[in-house]
Ligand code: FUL
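Single chain ahead, written as structure tokens, the form predicted on its own.
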Amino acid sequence: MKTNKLFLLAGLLIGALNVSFCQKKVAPPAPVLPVPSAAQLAWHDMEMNAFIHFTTNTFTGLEWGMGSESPSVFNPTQVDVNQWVSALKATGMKGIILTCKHHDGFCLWPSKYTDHTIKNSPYKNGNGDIVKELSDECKKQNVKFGVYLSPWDRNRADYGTPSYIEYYRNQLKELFNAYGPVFEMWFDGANGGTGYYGGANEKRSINGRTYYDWPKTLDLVRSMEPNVIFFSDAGPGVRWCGNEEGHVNTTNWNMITPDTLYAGKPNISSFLGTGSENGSHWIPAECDVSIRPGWFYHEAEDSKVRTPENLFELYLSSVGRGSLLLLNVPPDKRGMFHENDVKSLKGFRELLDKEFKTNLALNSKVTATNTRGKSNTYGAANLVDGKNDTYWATDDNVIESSIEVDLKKEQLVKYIVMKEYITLGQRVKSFSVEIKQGNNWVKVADGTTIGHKRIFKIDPKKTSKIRVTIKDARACPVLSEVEVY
């Protein structure tokens, strides 16, 4: 009888513990729509990718070829895709996008739909295929491969007619079926104008909104590569940042409403650089910029390569504002990256490693004015655990809130990094950052959006405590990390 009573008491105790445990379970915050797809989340995490511009322009000194250039001018003597990929990977680039066909129409692969290709060039006696060489090397070095295929073609006699769209789609089939997987397809807003057009030498205009019938073309590509990211002014995967200078605006929403937008639409630069707080679709900004004044290699620009310090500043104003940096590095006439470009890339990487070497906030003590359901699942400790898949969140009815990071001792601080858990949407609209100086809190930064990553470079100051205050948000704030360097 005594034993039965003990079993009964034990059962009641376990039941009580189970009830208590269930009561402590707190539901996560509801997503604030729109939210990124899995492919877009992977794109955000890449942070830095590379562009490679290479075509007849490399040998003619032009930026935009007219389409009348003979394939015979394309004659690199030392193409070294291993050098390209190795240098870019060492810099931190996770993907490489190649201009398989620029506006001049010359194809870097032996397309069966035109004679204006590498097969009619001296390169490897007409047996070369730059797209295959680079695609294979990317696979070898575990770097993602992307393609740029210009919709505008100044060589094609039928540009501006329906038959050209069939030609364009046939070439997409060639690229995606033979050189995949392809992580990103890039097309810009340069569409129509003067050109050779098979000898016509005239100006042709098209309706950028309707001529290409993009929905059908994108569906075709998705049938071959379901998770591909599409870049254009209006996405639908990622959007242009509105400039070719490598930066996005300080307020940078990952959302826009693309219903009236299309590649090449005039006067949308400012809008694209900021996005829209109430945008209907998640279409984040990508910051494209060249390491040289031009996109293609020109010998006269060998002394004008961006410095490591300049590339670092571009990083802060692109990745550091929640965007992605797409840096163009063009091969020279040999088919190699010029020594000056390689030197600058190496210096850039060294700066990144030096400035962001030690996260002073990692595993430090953190307190918050509010924690969702008072649950450790959403506790402030998640902000300093070095993991992007855990997060601090507040109760649904709490927007204004703050967290305090205790570094335990005074340390020199130069950078403060914040990350939102964007899987649940972009939320923060206004925030400030303060550091403890003596008995006072001194504001060192304030801003609007955070997004995937926000980096603040401050005047170096010694402090032992840092406070981040969320002033306004679209819903309860959800932050994954706070880092201090």
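One rule holds for the numbers: they count along the sequence shown, beginning at 1. Keep in mind that what you see is a predicted model, and the values were worked out from it rather than measured.
One more form of this protein exists, namely the form predicted in complex with ligand FUL; it is left out here, but the text below deals with it.
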Just to be sure I understand the contacts: of Phe54, Phe431, Tyr421, Phe51, which is the one whose heavy atoms reach within 4.5 angstroms of ligand FUL in the predicted bound form? Phe51
Partner-contacting position among Tyr123, Trp392, Trp186, Phe176 - heavy atom within 4.5 Å of ligand FUL in the predicted bound form: Trp186
Would you point out which of 350-358, 138-146, 98-106, 333-341 contains residues with a non-hydrogen atom within 4.5 Å of ligand FUL in the predicted bound form? 98-106
So in the predicted bound form, does any heavy atom of Trp64 sit within 4.5 Å of ligand FUL? yes
Within 4.5 Å, heavy atoms only: does Ala190 come near ligand FUL in the predicted bound form? yes
Could you tell me if Asp302 has a non-hydrogen atom within 4.5 Å of ligand FUL in the predicted bound form? no
Can you work out whether Glu244 and ligand FUL are in contact in the predicted bound form, taking contact to mean some heavy atom pair no more than 4.5 Å apart? yes
Contacts with ligand FUL in the predicted bound form - residues in 286-305 whose heavy atoms fall within 4.5 Å: Asp288, Trp295
